[in-house]
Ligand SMILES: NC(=O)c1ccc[n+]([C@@H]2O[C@H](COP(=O)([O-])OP(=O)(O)OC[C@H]3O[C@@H](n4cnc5c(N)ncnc54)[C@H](OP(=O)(O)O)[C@@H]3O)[C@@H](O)[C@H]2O)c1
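Given next, in C-alpha cells, is a single chain: the form predicted alone.
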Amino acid sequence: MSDATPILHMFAPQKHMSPFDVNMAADAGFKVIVPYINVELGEVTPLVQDAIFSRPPEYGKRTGVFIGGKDALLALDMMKAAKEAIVPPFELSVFADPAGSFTTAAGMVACVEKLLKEKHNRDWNGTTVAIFGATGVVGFASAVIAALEGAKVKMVAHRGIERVVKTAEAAKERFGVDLEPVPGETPEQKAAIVKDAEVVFAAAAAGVEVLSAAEMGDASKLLVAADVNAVPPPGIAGMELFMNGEQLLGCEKALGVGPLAIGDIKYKTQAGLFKQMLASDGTVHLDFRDAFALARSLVS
C-alpha cells in the first residue's frame, strides 16, 4: 500500500549494528530504521510477530527485517526463524547480509564468472576453486555459491583444519554441496594449492597477505584471482585495488579482480536488494543466493 511508511527493523547479534548497513537502508528508501542489538536467536520470533501484528496485512510489504552480525550460519538461522514466525496474512520481508558478506561474496563470484566466460570461455562447472579465508563469512558464502554452480571448491585451512571441516559439514547439511577442506598453513602447502587451482578467492582478514609472490609463482593453471582486501598489503601479492581483468603480475595467464572492483558490485547489490524489499508487490526473503542472482545481472 503506497501510503504505508517503509519501516526496517535491523537485528544485530553483537553490540553494534553496522553504520554501513543503516546508511544503505536509508539511501534505498526506508523512512523508519530501528536497530536492535545483542539479539539472540530465540528472540527473533517475538520481535517479528510484534512487527507484523502491529500493522494491517497490506502493510506487510512495506515492513522489513534486516539480519546483520558476523556469523553466516547464525544469520541464516535467524532468517529461518523470522520466516517461520510469519503468520499469513500478516507478513514482512527479510534480508540477511551479515557483515555485508553475502553481497560481497556475490559480487566477487559474479565478477570472476564474467572474466571466466569472456576471457577463457569457461563457466563454473568443474572449475577448481581455492578459497583462502575459508572460515570467514565471505569465504563461506563464496564457497557455497561457487559449489552450487558446479565448481570444485577447496577450503584452505590456515590454522588447523578442524574449523574448516566443520564449515564444510555445515555447507553439506544446509545446501547439499561438497567442499574439500585442505591444509594451507605453510608456504609449501599454499604454493601446492595455488599450483592446482584455476580460480583463487582471497577472503581473509583485512591487511593480511595470504599469498606471496613466491606462493603465486607456479600458478600455471590459474585463470582468475580475486581479493576482497582493500587494506594494504593486498591479500594476493601483485593485486591492485581497481583491477578488473588485468594481468596479475608474476602469473602466466591469471587475471586479477581487486577489492574496489568487487566493492562496486557489492554496493550496487546490497542497495538493489534493499530496493527490492520496497518495490516488490509482495514480501521477499533474500539471502546470498538472491544476492548472487542480482550481482550476476549487474556485471553482465
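Only a predicted model underlies this, so the values are computations on that prediction, with no experimental measurement involved. Sequential numbering from 1, following the sequence displayed.
What comes next is about the form predicted in complex with the named molecule, which does not appear here.
- For the chain shown alone, residue 229 is a contact residue for the named molecule in the model of the complex, at least one non-hydrogen atom being within 4.5 angstroms.
- In the model of the complex, the named molecule lies farther than 4.5 Å from every heavy atom of residue 192.
- Remark: residue 87 does not count among the residues lining the named molecule in the model of the complex, judged by a heavy atom distance of 4.5 Å or less.
- Put simply, residue 158 is close to the named molecule in the model of the complex: some heavy atom of it is within 4.5 Å.
- Heavy atoms of every residue among 133, 136 and 203 are located within 4.5 Å of the named molecule in the model of the complex.
- Checking 214 to 222, 159 to 167, 121 to 129, 144 to 152 against the named molecule in the model of the complex, the stretch whose residues place heavy atoms within 4.5 Å of it is 159 to 167.
- None of 253, 70, 55, 268 but one reaches within 4.5 angstroms of the named molecule in the model of the complex through a heavy atom, and that residue is 70.
- The partner is absent here, but in the model of the complex a heavy atom of 210, alone among 210, 197, 110, 79, sits within 4.5 Å of the named molecule.
- Residues of 246 to 270 placing a heavy atom within 4.5 Å of the named molecule in the model of the complex, in sequence order: 259, 263, 266.
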